[in-house]
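Next comes just one chain, in structure tokens: the form predicted on its own.
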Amino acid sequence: MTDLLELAVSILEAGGIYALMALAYLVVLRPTGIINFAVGEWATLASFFSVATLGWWNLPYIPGAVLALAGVAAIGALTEQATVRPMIERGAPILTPILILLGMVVVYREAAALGFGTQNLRVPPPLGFGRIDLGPIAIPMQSAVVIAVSGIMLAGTWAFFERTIWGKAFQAVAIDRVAAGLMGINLRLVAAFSFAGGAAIAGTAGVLQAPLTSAHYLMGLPLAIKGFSALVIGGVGRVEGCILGGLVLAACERLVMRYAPIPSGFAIGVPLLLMILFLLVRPTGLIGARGRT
């Protein structure tokens, strides 16, 4: 029983981070139609920014984390203005900004390596290295932080899309960009906010992950793959799909790592295998977009 409870905590921890990465894809994809594979590098940049604000400058955790997320959100908005918006305004096909953002992956990665080096850098956990005793199990403090923060972020994003005028504007742009513009929705502002919001969400995943594994300039690619896999598994189009996809992916990954008679390193292939399986069997994901099954 204790083993199963500890496994459940591990699944919730990893699932929260994977769901945040999937959500970062969704927030950009929903109003723009652009699959932004640079979200992994946004997570990397935020983790390095947290090294600076929390480790080097010794700021209190919440102001330091917020400053790190603000920095990566600004990078996301600037990326949209400098690389994506000119292509959209020139009527370029949707593949063009996707390829440009793939190129930005290299730019972000090399900038992180130049600015912070190629060594693993430690990020202090907000509540230290203690554990919370809950009956037969002891939950690491950072695991509790990851579960709580990711839950709040996911719930807040769901409420934004479902309960606010701005969220409805995002949905209107996703349904019909031209009609939304004719109705008075500022398409430029929506696109800028989508990139800034996606960067902040991916950055949250990076800030949460860094105390668990340290910050490294190559940490973005695995997070990007797992986030996209979670998005495909859960279903492209809804926040609930990101949550479910992240949890399913984390459960499969952790079960393979703990019980499968193979080296744990092979678990890195679980996200890709699941993504391929869902694309073949159920391309709409577990939770399809509204109006679909």
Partner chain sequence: MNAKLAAAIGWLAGAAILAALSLTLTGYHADLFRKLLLTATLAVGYNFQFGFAGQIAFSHYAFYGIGAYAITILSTRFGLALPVAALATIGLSALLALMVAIPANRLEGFYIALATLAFAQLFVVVMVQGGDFTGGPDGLFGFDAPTIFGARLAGANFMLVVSALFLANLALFAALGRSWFGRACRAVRDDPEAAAAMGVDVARTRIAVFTLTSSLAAVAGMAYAFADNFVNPFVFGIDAMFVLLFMVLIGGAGRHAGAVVGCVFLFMLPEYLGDLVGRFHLLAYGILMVVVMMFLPNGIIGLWDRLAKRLRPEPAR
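Positions refer to the first chain, counted from 1. From a predicted model like this one, the values you see are computed outputs, not experimental measurements.
Heads up, the form predicted in complex with its partner chain isn't pictured, but that's what we're talking about next.
From the list 154 to 162, 76 to 84, 192 to 200, 170 to 178, the contact stretch for its partner chain in the predicted complex under a 4.5 Å heavy atom rule is 76 to 84.
At the 4.5 Å threshold, heavy atoms of residue 56 stay clear of its partner chain in the predicted complex, well away from it. Shown alone here, residue 228 lies within 4.5 Å of its partner chain in the predicted complex, counting heavy atoms only.
Contact between residue 221 and its partner chain in the predicted complex is found at the 4.5 Å heavy atom cutoff. Shown alone here, residue 98 lies within 4.5 Å of its partner chain in the predicted complex, counting heavy atoms only. Checking 236, 52, 244, 69 against its partner chain in the predicted complex, a heavy atom within 4.5 Å turns up for just one residue: 236.
In this stretch, 160 to 188, not one residue has a heavy atom within 4.5 Å of its partner chain in the predicted complex; the partner itself is omitted from this view.
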